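What follows is a single chain, given as structure tokens, in the form predicted alone.
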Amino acid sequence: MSGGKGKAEGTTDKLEEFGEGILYDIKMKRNPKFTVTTRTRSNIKYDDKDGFLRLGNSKEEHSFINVAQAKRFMQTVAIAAKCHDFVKQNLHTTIRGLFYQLKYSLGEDIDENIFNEQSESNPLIEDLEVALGIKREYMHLNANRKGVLAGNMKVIDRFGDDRIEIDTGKTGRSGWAIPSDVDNDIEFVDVKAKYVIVVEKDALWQRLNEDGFWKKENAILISPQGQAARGTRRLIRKLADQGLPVYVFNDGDAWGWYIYWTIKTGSMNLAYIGRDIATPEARFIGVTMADIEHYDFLKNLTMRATEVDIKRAQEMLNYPWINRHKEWVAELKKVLETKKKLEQDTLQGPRLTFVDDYIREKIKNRDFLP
């Protein structure tokens, strides 16, 4: 996807059609309403053919003349109107900024604000995305940046009136900060890497960057710095679309594995854009419970799994997109049986540069999980 005037015009048109539909209902003395695909867990499906989570076909109607829905309806219309202003003015803000734009009183004689907490506005932004078929980035709403990259490629960033070319192989120790929107006015060119390696923790990313791992291996090195934000997941998807294999290197516990699965299949809360942010072809190179048997030094470096770790592992065993893989069932059951886990940092035990050897060996031997 590429940004530009066409996207802005399309977004403006959809927002205006949304508002005009409500005005037409009022003019015709009908109950103003709009329809949205239901974002409940029961309406989230695993697309077996394409390998990602998506929304099903269940719909729900949001109307104004409904005591249970009136406030949410009004709040959604307020968000749409404000986003229309942002697009027309060609100004961007964060979802936090939008909340403050709308955190004001309904009137002098009404002791109530449009929004009191951001937890009220966030799900309504998602409702609007689903109802109009527009990603929030096209409505000029960004999230906080999260994620860093280094590697053999260039980024063309059209920012304001400038066209900036960024060589992500020349960003030093800090790397290139991945923006929340990697579609509009951003282009990835001159991609010369052989593969993408996604490293859960920033500390391990820094270790590999200092070693020049991505230079030696001709790779693109990414850290989502924990759970991957949607901008980072979208970037991984775009790189996979260019034919690059994607390998993920996370902690050997249910949380690290869950982060992997959100990259691979998308997540339930973002199932409405699953096709755009999931990378089903991604493979998990570690850390795994099987590594404990393969690398003797790890036997003394395990940690005790917490109750939260155990609960998450049990939940993951119930997900059909995970328990269809016998390798993953074995890994999760091993956690439940031994109540142990491994951090990826343990691979620095023999020597700091062992992490490099571990990744090389895993990829060379195709020793990874689906």
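The first residue of the sequence shown is number 1, and the count goes up from there. Predicted, not measured: the structure shown is a model, and the values here were computed from it.
Keep in mind that the form predicted in complex with a further copy of the same chain is not shown, yet the notes after this line are about it.
Student: Flag this candidate site as yes only if 44, 50 and 265 all have a heavy atom within 4.5 Å of a further copy of the same chain in the predicted bound form; otherwise mark no.
Tutor: Result no, not one residue of the spot touches a further copy of the same chain.
Student: With a further copy of the same chain left out of view, which of 78, 270, 125, 166 would have a heavy atom within 4.5 Å of it in the predicted bound form?
Tutor: In short, 166.
Student: Given that a further copy of the same chain is left out here, which of 258, 195, 86, 188 has a heavy atom within 4.5 Å of it in the predicted bound form?
Tutor: That would be 86.
Student: Please name which of the stretches 229-237, 280-288, 137-145, 67-75 has residues with heavy atoms lying within 4.5 Å of a further copy of the same chain in the predicted bound form.
Tutor: Among the listed stretches, the partner-contacting one is 137-145.
Student: So in the predicted bound form, does any heavy atom of residue 249 sit within 4.5 Å of a further copy of the same chain?
Tutor: Taking the distances in the predicted bound form, the answer for residue 249 is no, it never comes within 4.5 Å of a further copy of the same chain.
Student: Please tell me whether any heavy atom belonging to residue 303 falls inside 4.5 Å of a heavy atom of a further copy of the same chain, as the geometry stands in the predicted bound form.
Tutor: Yes, residue 303 sits close enough to a further copy of the same chain in the predicted bound form that at least one of its heavy atoms falls within 4.5 Å.
Student: So in the predicted bound form, does any heavy atom of residue 351 sit within 4.5 Å of a further copy of the same chain?
Tutor: Looking in the predicted bound form, residue contacts with a further copy of the same chain include residue 351, since a heavy atom lies within 4.5 Å.
Student: Is there a heavy atom of residue 174 no more than 4.5 Å from a heavy atom of a further copy of the same chain in the predicted bound form?
Tutor: Close contact exists here: in the predicted bound form, residue 174 approaches a further copy of the same chain to within 4.5 Å, heavy atoms only.
Student: Pick out the residues of 331-349 whose heavy atoms come within 4.5 Å of a further copy of the same chain in the predicted bound form.
Tutor: The stretch touches the partner through 343, 345, 346, 348, 349.
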